[in-house]
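What follows is a single chain, given as C-alpha cells, in the form predicted alone.
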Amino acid sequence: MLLGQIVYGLVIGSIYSLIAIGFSMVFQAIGLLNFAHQEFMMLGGLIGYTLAVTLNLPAPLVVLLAGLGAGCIAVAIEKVGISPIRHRGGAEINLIIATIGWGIILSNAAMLTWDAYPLGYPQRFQGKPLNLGGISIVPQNLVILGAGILLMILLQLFFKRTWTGQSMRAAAEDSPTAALMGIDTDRTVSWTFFISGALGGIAGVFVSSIFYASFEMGLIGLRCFAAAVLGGFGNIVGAMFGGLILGIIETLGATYISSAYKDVIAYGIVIVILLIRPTGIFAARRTGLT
C-alpha cells in the first residue's frame, strides 16, 4: 500500500516537475515570473484531447504534437506580448501583469474553443491495471513516470551537450557578455519559452489522461509554482526534485490523513521547509540554466 502510494506520488510529482522546470527556466533567462506558464499545460491537455479523440492518433504522437503546439503558442506570446515590453524598458511588474493577462486570455479562449465541460481521454490511454508484487498499478502511470524522468534527463543533456543549450545557459548567466560573444540572446529567450511551453504541454497530456482536460486546469500550476519554490526557485534541478517531493507529500497526506486537506498538508510542509531553508532545498540560482 505504502509503496503503491509512493509510486503514484512520484507520477504526480514528475508532472509537477515538468511544469516547475518551465517556471524556473523563464525566471533564469529573463528574471520573469511567468504566470501564464500553467496555461500552456492546459492547452497541451486540450490539444491532446482533440488529437486523441477527433483524429484518433496514437498516444506517443499525441504527446509529441501537443507539446510542440503548446511550445509554439508560448513563443508566439513571448514575441507578441512580452518581448516588446522588455525591449522598451518596461518595469518587471508590467511584465508580470502582462503574463497574468495572457493567462486569462488563454484560459477564456480555451473555454470558448473546447467548451467549459471536462473532457475525458479515451480508455486506451490508461490500459488494464497490472499486479506487481501485490501492488495494482495502471500502466499509464509507469509510462508517465518513466517519460517524465527521461525528459528531465534529456533536458540536462541538452543544456550541457548541445550548442543551443550552452548558448541558453550563457545568455541566462550574463546576457550582455553573451551578446558580445555573438550569441543571439533574443533567440535564446525564444528557445526558453518554446522548451518551457512544450514541457508544460506534455505535462498537460499526462494530467488529462489521468483526470480530464479542462480550461480550468491551469489552477494546478499553483502547486507547480510551489514545487519550484520548494526546490529553490530558479534552479532547474531543484524544480525537478521539488516537484517529486511535493507529489509524494500530497499523495501520502491525502491517503493517510484526509484528501480534503491534502493541499493544506502539502503547502504547510512547504512553508515549514522554507522557514528552515528560505532558499529552498537547493540554493536558488539566478545564473545559468542548471
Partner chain sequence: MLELRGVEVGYGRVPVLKGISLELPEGQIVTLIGSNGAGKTTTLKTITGILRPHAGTILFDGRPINGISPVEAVSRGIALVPEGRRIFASLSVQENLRMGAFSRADRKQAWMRQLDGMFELFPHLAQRRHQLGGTLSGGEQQMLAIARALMSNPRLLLLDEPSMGLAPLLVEQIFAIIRDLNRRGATVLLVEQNARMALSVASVGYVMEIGSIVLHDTARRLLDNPQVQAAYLGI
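Positions refer to the first chain, counted from 1. Small disclaimer: the values here were computed from a predicted structure and weren't measured.
Not on display, but discussed next: the form predicted in complex with its partner chain.
Note that among 194-202, 168-176, 118-126, 142-150, the stretch whose heavy atoms approach its partner chain to within 4.5 Å in the predicted bound form is 168-176. A residue is said to contact a partner when one of its heavy atoms sits within 4.5 Å of a partner heavy atom; D184 meets this definition for its partner chain in the predicted bound form. Although the partner is absent from this view, T162 contacts its partner chain in the predicted bound form, with a non-hydrogen atom inside 4.5 angstroms. For L180, a non-hydrogen atom is located within 4.5 Å of its partner chain in the predicted bound form, even though that partner is not displayed.
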